[in-house]
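There is one chain below, alone, in structure tokens, taken in the form predicted alone.
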């Protein structure tokens, strides 16, 4: 309890100029993070350059909680590549392996079929109703690297929102009470 009392006393003793300085510093940190994210989007060509694996459908290659780094190049998508895609009507992207690619010679359109390495069947049941293939616009990027287990932080904060709010509150309090 002494730490909380000290923090409250520290906040009371701050002058308005110090508080504004801390708020501006916090704003600069948030802005810097957004700029880095947008820069990664430009460099990788992917709308989401980093994703977290949320299920065990790609085990043993990728486990739940692994972070994947994505890149979307102009090269054609090939069978065997691991892609991240969005399905119409679903908010959360899916990480699976390409098992079939149909290329139309006359129109450069491609149709893609995917499957999780740990799943029994292909992903047609995951696609939108009546959809049998993915199109190029569904693909967010190709997996080019990963960090194991680091994504558990995101999973825990999503599944237990109280932890997220406590962490944000503690960081905010830390920023406001820190002195230069």
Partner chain sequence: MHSFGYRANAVVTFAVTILAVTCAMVSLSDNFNSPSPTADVKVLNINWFQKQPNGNDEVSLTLNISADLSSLFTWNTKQVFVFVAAEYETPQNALNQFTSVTACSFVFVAQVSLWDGIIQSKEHAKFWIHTTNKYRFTDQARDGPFPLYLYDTSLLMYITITSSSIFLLVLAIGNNLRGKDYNMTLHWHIMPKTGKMFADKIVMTGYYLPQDYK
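Treat the numbers as computed from the prediction; the structure is a model and nothing was measured. Residue numbers count along the first chain shown, from 1.
Keep in mind the form predicted in complex with the partner chain is missing from the figure; the text below concerns it.
This chain appears without its partner; in the predicted complex, the one residue of 40, 147, 54, 153 with a heavy atom within 4.5 Å of the partner chain is 147. Contact between residue 100 and the partner chain in the predicted complex is found at the 4.5 Å heavy atom cutoff.
Mapping the unseen interface onto this chain, residue 82 counts among the residues with a heavy atom inside 4.5 Å of the partner chain in the predicted complex. In the predicted complex, the partner chain sits within 4.5 Å of a heavy atom belonging to residue 66. For the chain shown alone, residue 117 is a contact residue for the partner chain in the predicted complex, at least one non-hydrogen atom being within 4.5 angstroms.
In the predicted complex, the partner chain lies within 4.5 angstroms of at least one heavy atom of each of the following residues of 131-145: 132, 133, 143, 144, 145, in sequence order.
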